[in-house]
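Given next, in structure tokens, is a single chain: the form predicted alone.
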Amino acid sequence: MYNPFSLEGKTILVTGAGGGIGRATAVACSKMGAVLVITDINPETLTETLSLLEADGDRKHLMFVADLTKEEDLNEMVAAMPSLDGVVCNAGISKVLPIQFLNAEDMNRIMAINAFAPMYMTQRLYKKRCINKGGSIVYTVSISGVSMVSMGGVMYAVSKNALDAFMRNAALEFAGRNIRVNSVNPSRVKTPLIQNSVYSEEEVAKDLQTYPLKRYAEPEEIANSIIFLLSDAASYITGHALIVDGGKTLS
């Protein structure tokens, strides 16, 4: 049966696969027929994700426990990487802090995880020709900093803005090898990153009223958007920031 969204025969790397959007993406990709290479810093949650992946026939999924902000871990993982048809850079953290309280420790950590790690990983994968011609790279960016800003969200916004700029440049530079580079830009998603935030129930309820759909996204809804960009259905799309926000940026 014809299905341009199928990932059968494709090998997909997903970072930050221990939970949230990363786990949802890995599971969804396996349902669409892909072989998964998953990585996260937490071995317990990553192993749990591995157990959730659908497998049949000769499909054998791989996992790498790694801290991608550490050059040694990154280099070891890339050296062991099979040929890839898709890369999903998803790992990320946040911290709410007004500008007057900015500090180097928090800023450096957020930039290292959200921006520099996916940039350097992409560089190494590309230089070592780990990504096949016709491949697709997808970054989980955000509407934060790219389309809108919020009080106390400056560090997260700056890191995602940097990744957005990198995505566009990589799309231009990698086009010669027919490698597409895009991003998904979600609003708030029901993940531990949001659930463990400093916002009270009252603040969350108020924020939900600014969404035309009156709810936050489920991780699976972002995963489906990522699958679209990974698939052949998006074969003529590159350098694009796909907004997935329940209409948030309309307000």
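Numbering starts at 1 and follows the sequence shown. Model, not experiment: these values are computed from the prediction.
The form predicted in complex with a small molecule exists for this protein as well; it is not shown, and the discussion that follows is about that form.
For the candidate spot formed by 69, 90 and 156, every residue has a non-hydrogen atom within 4.5 angstroms of the small molecule in the model of the complex. When contacts are judged by a 4.5 Å heavy atom cut-off, residue 61 does not count as touching the small molecule in the model of the complex. Remark: residue 142 counts among the residues lining the small molecule in the model of the complex, judged by a heavy atom distance of 4.5 Å or less.
In the model of the complex, the small molecule sits within 4.5 Å of a heavy atom belonging to residue 191.
Contact between residue 187 and the small molecule in the model of the complex is found at the 4.5 Å heavy atom cutoff. Exactly one of the stretches 147-155, 170-178, 120-128, 91-99 approaches the small molecule in the model of the complex with heavy atoms within 4.5 Å, and it is 91-99.
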